[in-house]
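Next come structure tokens for two forms of one protein chain, structure 1 first, structure 2 second.
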Structure 1
Amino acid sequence: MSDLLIMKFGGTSVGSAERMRASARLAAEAAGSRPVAIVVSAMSGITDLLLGTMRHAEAGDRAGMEANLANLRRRHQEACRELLPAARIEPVLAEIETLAAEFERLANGMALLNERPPRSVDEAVAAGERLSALLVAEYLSAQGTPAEAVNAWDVVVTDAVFGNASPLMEATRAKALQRIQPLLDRGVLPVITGFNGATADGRPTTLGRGGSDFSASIVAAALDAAELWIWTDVDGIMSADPRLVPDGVVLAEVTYAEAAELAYHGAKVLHPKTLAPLADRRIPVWSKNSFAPEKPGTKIVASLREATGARAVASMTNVALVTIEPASIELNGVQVMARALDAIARANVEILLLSSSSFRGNFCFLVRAAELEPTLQSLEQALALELAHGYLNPIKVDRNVGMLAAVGEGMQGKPGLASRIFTAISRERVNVIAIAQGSNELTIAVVVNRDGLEKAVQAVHAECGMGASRRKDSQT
């Protein structure tokens, strides 16, 4: 293992010229004493803007497209003018225009076809990270830290699942060594685009929304880095989303498993797949605030010295609960479930929670709302006969739900914890619709009515003593 440090800067950390300056300073400082490569997100709001532009294109809304394109150009041109020395402004404005025009050409193609093919979306949306990487690399170089923007198309090799690709690590390792190592050897700081990758035959892909964290961990694992620092806009991984729970605390340490569970259950501070490439290699990860870099942040570690019950709560909206129920007891419930799960897997949909416990063989599962349509299509196809003949009741969908999950290494073998969580939720008069606990006892996940989610999160946080007022004797 080298001394290499990978830093990842999220959208708010590169959201303006001022934020780019602050982030570049953090990278340059570290690069003074060790090799550093950085991974950047698009400027905050830009990925949404690009995706919105493509939706306008598909709908034939020219005015909407034009307005977004003007906004895209303006944000980057302004940052360029504010950041760079006079001599570099015109050449970099020209490069910004090349990238913006490339995006516009792809969006125009979608407008012409009234279609947004996932493959073209992935190619087009990469413009956001390519633009931010260009600006950050130019600024670093102008400030005396030689840097080069690197398109992750040349580094991260993925499968061909457009919009939610997974890395092929061996191929990525080879490409990373070929593209990044020579820069490091020459003392040049690579500024790699987050979120993006490409298939082995060069078709651009993306790693899913929020995927720049994952990009950084892929790069860290591929280059056998010594550490990964993820810079964001909060002080680290907290006991709850500070937007929902004001008295949440920053956790000094969380385990890979806890962080992964929290991310998986909706804690946006990390992309759910971030830790997968790192845990085996035991590469330490820090989550830190680029707005307050002096604060210690959270260290993600292999194990805790002392595990103290439920330590954090995550939550998720924009989910839907799907229920499948045999109408006749002659139908083999296990077979129905097997076929349903197979259909969902073929649609490439992720099941967030699964619960089953009924004589009738009824079961329900939670998916992201955005994945509901392909889920239902695939299920209806796979179970067409049973549905048509009434052996299965019509598939039920509840969109008015949310999920929360209490997470902690110390939850194993804590009798009474689940009942306290449910009691706390019901005290708020929020109805528990479904529950699931993994057999590792690291997480208890609960589906509740959407309207009650926030109250339920706050109640669980308070009941488990996760907050600022956490007392030793209240640890569960």
Structure 2
Amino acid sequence: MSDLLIMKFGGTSVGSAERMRASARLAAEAAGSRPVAIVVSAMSGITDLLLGTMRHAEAGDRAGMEANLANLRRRHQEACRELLPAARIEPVLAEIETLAAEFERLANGMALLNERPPRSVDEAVAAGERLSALLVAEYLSAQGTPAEAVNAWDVVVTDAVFGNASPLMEATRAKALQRIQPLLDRGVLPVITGFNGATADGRPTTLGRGGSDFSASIVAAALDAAELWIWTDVDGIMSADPRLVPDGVVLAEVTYAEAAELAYHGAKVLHPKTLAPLADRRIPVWSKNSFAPEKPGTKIVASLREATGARAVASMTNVALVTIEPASIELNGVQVMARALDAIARANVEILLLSSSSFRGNFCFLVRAAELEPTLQSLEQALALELAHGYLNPIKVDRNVGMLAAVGEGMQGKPGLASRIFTAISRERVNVIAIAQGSNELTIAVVVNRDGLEKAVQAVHAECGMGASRRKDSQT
């Protein structure tokens, strides 16, 4: 459909009966003039609750399991009673119980095994989105907009990498046309579960970090949508985290590449992989605030009419810097790096920044703090011989760091920009620990001591003229 609009509602946008009503109203209003399909996350906090329940199950903690299961039922039952007319409450409560019982059965299986098989985790954690889709679809229908909950297991076809699956787009296109297109043709609004899919032979999977947004982009690409609107709880993509930089501004437009870089370096925007299916088909994306839908938001497009240099600065705090250093220059540093990177890849860990030295062959890289343990385990296993015999110095870890990244399409070919950024940071007496710049010159990333991160972000934001006050000055 040439005018198809896909809307994605995040966890806070469907986090309560009140927010579900507001989100459904946005979808219904749009559906009055064009075909619409929506993708929903689990209610805010529910995915963590489900994962926590499975951890209790693995540990044999029945009391923890039961408390979480009661909370799962309570939140969705309360939302059901607040949302729906009396005639629909009992039938929908029965469906909620069916889904909750299905999750409980899987959790009990984990308790018996004292483990959480990745395949079972993927099947179980989808309960959050399935419950959310059920409630939103029922509310829409009760308000006069025909809607149907659709399990993404029946739409998004993936490989079998449980926990971090990738879509198989041609197979997904065929399934989407088979499952979603008939609903649209009948004037029914599909409410599709985010975050999950299934292998070609029907085994449930999840799409990893940023999976719900990724689901929406997959569906949009598979159905050749005209637009994708991502509804969150922020006004759009900002020039900096407003908690760190009070005069940060919402960017009217960013490119796919800029949005991906900002997300990769910690900005609360779309996950980088979300944009890949859309960029290929040049489908524009809007990042909008469901709590303030009157605000214009940010449009993500293929290119800008004018690239003006560094346009935003992203930052991350929950990170750790890992350093590997040969004890002798006779050890081939390139080979050590290759083996280390291979070990990290096998641990399914994402490297946020990599910096190396040409003399001793030492190098450092940044990972999320939550992924530090599997990173070190994999490295120590891969480099056990060199570490045991002293060919490598002990692996160093610095947890007291943060990262910032200046991002902008117009940075390429700007003489002195890197120098200005480092000078601005040094003026605040913040020490630069490591730096990295991509070959496309879209991003300059810097690691600093965590205590100095906020000052460094503010300094770079001001130096590059990203703030509201500096922009006003430049226009006068």
Ligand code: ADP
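Just so we're on the same page, residue numbers count up from 1 along structure 1's sequence. What you see is a predicted model; the values in this text were computed from it and never measured. C-alpha atoms forming the largest set that superposes within 1.5 Å between two forms make up the rigid core.
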{"query": "Structure number, where the criterion is the form predicted together with ligand ADP", "finding": "1"}
{"query": "Residue shift check between structures 1 and 2, rigid core fit, T12 Cα at least 2 Å", "finding": "no"}
{"query": "Yes/no, A462 Cα shift of 2 Å or more between structures 1 and 2 with rigid core fixed", "finding": "yes"}
{"query": "CA of L49, rigid core aligned, shift of 2 Å or more between structures 1 and 2", "finding": "no"}
{"query": "For V397, CA displacement between structures 1 and 2 after the core is overlaid, in Å", "finding": "4.4"}
{"query": "Core-fitted comparison between structures 1 and 2 - CA shift at S419, Å", "finding": "2.7"}
